[in-house]
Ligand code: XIL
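Coming up is one lone chain in structure tokens, specifically the form predicted on its own.
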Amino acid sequence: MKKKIALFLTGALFCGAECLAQKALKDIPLKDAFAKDFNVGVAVAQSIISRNETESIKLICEQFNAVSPESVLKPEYIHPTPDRWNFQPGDAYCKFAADHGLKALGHTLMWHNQTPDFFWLNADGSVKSQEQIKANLVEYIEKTVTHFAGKVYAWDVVNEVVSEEGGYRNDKGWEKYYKDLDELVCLAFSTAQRCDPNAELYYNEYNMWRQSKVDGVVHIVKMLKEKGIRIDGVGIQAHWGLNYPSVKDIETTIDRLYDLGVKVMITELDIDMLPFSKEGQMTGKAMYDPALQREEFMRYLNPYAQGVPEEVEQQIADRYEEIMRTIYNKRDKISRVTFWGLHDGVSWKNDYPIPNRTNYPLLFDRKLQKKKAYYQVVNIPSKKK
């Protein structure tokens, strides 16, 4: 009988200690869990700032030490028409970051998306001259970077110009209409450097588990360095899924970029749990076909409209732990990890590439509550490898 009582007390003490440890871990913000390793950032939607969403702001300040703007520092917001410049939303973003002691990233200067066509096309649809296209880019970067000098600590200067095969893409915007992309990339970085010598300058790209794509980014970094143009870091966009990329591919990409002598960042982390996600799987206009909105297709394409089963929630939590463990093991080579969105309800993954879907790609749910994935992630530094 005494033996049973002793075993019971031992078990109770053990469970009590374990519960206390778990409770302590639950109170560790992301930025504190990884304080010795890298900055932890989040993309902030304009609505959070403009509406002064107090609960969201509280969560941002509690969990993160760096912010990225979802859209307000992109050309379509800052320079929407040839005769209009609009810095007000960007100023509000920078003030928000300064008021709350958050490092503010500038995202992004040269990108084919969310950039008005007048940058490279005339009003009649004809293509502008090469000199005019180049002049438009220089003018935009000069005015934008000068305006925000001292307000943002770094810029994603060039975004997504590399094709899946490793060359330059040629389907949209700058890449489609300007013939010498080496020249234009160099011009973007040199202009940004001239206009704010104190800002760090980054290149940002997606699908970089594909080593052919990394080859193209390596070319850009080496080219800039050979020409004496500063590049401080490369951002690995991490719009990943439950089954891609592999740990090996993530590790290889981090190592290759770090060996170039630049900072390496994970810049847009979310995990897509739905069929046909954007990166690495099926995308494009075909996914917007009205037929795919019919009930029989949406049962497959939108399986969790009413919530996530416990086993699926555990699956995404385990995947988050696997990815963040991989990044943590490379922490000496990583300067920042940024989650692309604060909570599931504001994620772009709810509507792209297929509209009207319900996705769950982040660490906080639609009620701003911590998910299983959150707890498994903040536990990583305290666990043995």
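When you see a residue number, it is the position in the sequence shown, counting from 1. Because the structure is predicted, anything quoted here is derived from the model rather than measured.
As for the form predicted together with the ligand, it is not shown, yet the points below apply to it.
Could you check which residue among Glu160, Asp249, Glu175, Asp232 gets a heavy atom within 4.5 Å of the ligand in the predicted complex?
It is Glu160.
Identify which of Arg210, Lys134, Lys74, Lys151 has a heavy atom within 4.5 Å of the ligand in the predicted complex; exactly one of them does.
Exactly one listed residue reaches within 4.5 Å, namely Lys74.
106-114, 178-186, 163-171, 218-226: which one contacts the ligand in the predicted complex at 4.5 Å, heavy atom to heavy atom?
Looking at the partner contacts, the answer comes out as 106-114.
Is the gap between Trp340 and the ligand in the predicted complex 4.5 Å or less for some heavy atom pair?
Contact with the ligand, yes.
Considering only heavy atoms, tell me if Asn204 and the ligand come within 4.5 Å of each other in the predicted complex.
Looking in the predicted complex, residue contacts with the ligand include Asn204, since a heavy atom lies within 4.5 Å.
Answer for Asp272 alone: is it within 4.5 Å of the ligand in the predicted complex, judged on heavy atom distances?
Contact with the ligand, no.
Should Asp196 be classed as touching the ligand in the predicted complex when contacts are defined as heavy atoms within 4.5 Å?
Heavy-atom contact with the ligand at 4.5 Å: absent for Asp196.
Looking at the ligand in the predicted complex, which residues in 225-259 have at least one heavy atom within 4.5 Å of it?
Gln237, His239, in sequence order.
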